[in-house]
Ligand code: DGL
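Single chain ahead, written as structure tokens, the form predicted on its own.
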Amino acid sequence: MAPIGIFDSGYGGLTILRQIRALLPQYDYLYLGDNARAPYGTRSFEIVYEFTLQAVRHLFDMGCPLVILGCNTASAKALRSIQQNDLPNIDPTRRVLGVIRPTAECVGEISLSRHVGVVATPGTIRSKTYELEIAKLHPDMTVTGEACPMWVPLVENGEYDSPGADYFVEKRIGNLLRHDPKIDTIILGCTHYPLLLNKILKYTPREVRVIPQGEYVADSLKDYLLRHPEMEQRLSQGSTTRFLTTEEPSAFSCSAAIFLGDNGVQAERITLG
């Protein structure tokens, strides 16, 4: 069995998994959530890199030739180091991909004003990874970031659709658009944020496009496999999904139902490090 590995610090990557499975249902998937050490958003570059590398190695050990970092913080703080420094020594035939570049690629076809906003965790905003990736691909674009430290806790505590969430969403969207009123596209730079989409749309002008990442990451993966048949041929096709967590499996299964819309998720507990 050679499944596609998908890693996240917690539950947000399940929104990526959901879109990938919808587009590519034939493959086997192995999802790993490091829930016991989440969130990663406020941690240092060094710690995020260390934790992410542990997870990637674990997924490699379980047979995955390809791992998707379904986490913006891990993609921002650890992906490049793992690709450049670790993969050549671990196994140069394996691959680790992130969620930021596919999002940066698609925004060029969406934004007309060439002014783009990014809402994300403090760690992702501090890394300036979106600004750097978008500048490489679309140098004519202006990118403005807004850190949203309360949004992930709202989602993970089941408050994403509560009246209390309105204050935090309205505040951050308002800040972003005040910094740059020309913004016509907002990237949801955290995989938790699609659960806040109804609130985000409520406080975003109709003419501003809001981009959740899942469908663009799924499209990018499909294109990657078409361009790399040597990788595609290594993947097993049994339409199965296995879930691993570093936290209590019953708690993971309960929260996973919110992100996946599936009450039948059964997780296994593992230890990293």
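So that there is no doubt, residue numbering starts at 1 and follows the sequence shown. Worth saying up front: this structure is predicted, and the values here are computed from it rather than measured.
Note that the form predicted in complex with the ligand isn't included here; everything after this is about it.
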Taking the partner as it appears in the predicted bound form, which of 185-193, 160-168, 132-140, 107-115 has residues with heavy atoms within 4.5 Å of the ligand?
185-193
Would you check, heavy atoms only and a 4.5 Å threshold, whether residue 152 touches the ligand in the predicted bound form?
yes
According to a 4.5 angstroms non-hydrogen atom cut-off, is residue 33 in contact with the ligand in the predicted bound form?
no
I'd like to know if residue 39 sits close to the ligand in the predicted bound form, meaning any non-hydrogen atom pair within 4.5 angstroms.
yes
Which residues within 1-26 place at least one heavy atom within 4.5 Å of the ligand in the predicted bound form?
8, 9, 12
